[in-house]
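A single chain comes next, written as structure tokens; it is the form predicted alone.
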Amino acid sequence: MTEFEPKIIAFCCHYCALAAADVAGKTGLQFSPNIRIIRVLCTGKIEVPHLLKAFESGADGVVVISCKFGECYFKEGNFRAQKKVERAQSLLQEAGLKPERLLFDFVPGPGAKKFVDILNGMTERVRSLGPNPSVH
């Protein structure tokens, strides 16, 4: 029997999270290959239905990685994103899914190690939760 490898979607801010991903690649830091990154100009543009659709489409976990608070290129996008993630977590719980399958976090642009730690930590978290019961 093979070990469960979760499918994880990472919505990443263009200005900080993707910059951190770039630095990670250039310095040889690696994250789990089961992560699928979706670039968004600003995480504040993500809507609750986008987060829920990722689960409906087969994701076992979703992470939103934004700029640090106070450093958003669009001023308050990360605050809006955090609120939307919290709303989606409560909807997941109402639907019988563990809200821990959805994470909001942030990194500064050069924060490659933190970026990789977030993704690898999310992989371990979701692996311990098991497959998304709504699609498996």
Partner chain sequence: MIVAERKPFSEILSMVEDYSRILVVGCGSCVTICMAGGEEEVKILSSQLRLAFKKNKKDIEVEEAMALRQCDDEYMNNPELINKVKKADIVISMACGIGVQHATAFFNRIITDKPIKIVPGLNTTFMGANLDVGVWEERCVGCGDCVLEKTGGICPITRCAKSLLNGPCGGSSNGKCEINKETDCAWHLIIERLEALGELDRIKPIEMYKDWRPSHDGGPRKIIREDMRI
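Residue numbers count along the first chain shown, from 1. Not measured: the values here are computed from a predicted model.
There is another form of this protein, the form predicted in complex with the partner chain, and it is not shown here; the text below is about that form.
Engineer: Each of Pro49, Phe55 and Leu97 near the partner chain in the predicted bound form, meaning some heavy atom within 4.5 Å?
Structural biologist: Looking in the predicted bound form, the three residues Pro49, Phe55 and Leu97 all sit within 4.5 Å of the partner chain (heavy atoms).
Engineer: Quick one: is Val40 in contact with the partner chain in the predicted bound form, heavy atoms, 4.5 Å cut-off?
Structural biologist: No, Val40 sits far enough from the partner chain in the predicted bound form that none of its heavy atoms falls within 4.5 Å.
Engineer: Do Arg36 and the partner chain come within 4.5 Å of each other in the predicted bound form, heavy atoms counted?
Structural biologist: Contact check for Arg36: no, nothing within 4.5 Å of the partner chain in the predicted bound form.
Engineer: Is there a non-hydrogen atom of Lys75 within 4.5 angstroms of a non-hydrogen atom of the partner chain in the predicted bound form?
Structural biologist: Because no heavy atom of Lys75 falls inside 4.5 Å of the partner chain in the predicted bound form, the answer is no.
Engineer: Taking 4.5 angstroms as the cut-off for heavy atoms, does Gly130 touch the partner chain in the predicted bound form?
Structural biologist: Flag for Gly130 set to no.
Engineer: Quick one: find which of 66-74, 26-34, 88-96, 103-111 has residues within 4.5 Å of the partner chain in the predicted bound form by heavy atom distance.
Structural biologist: In the other structure, the partner sits against 88-96.
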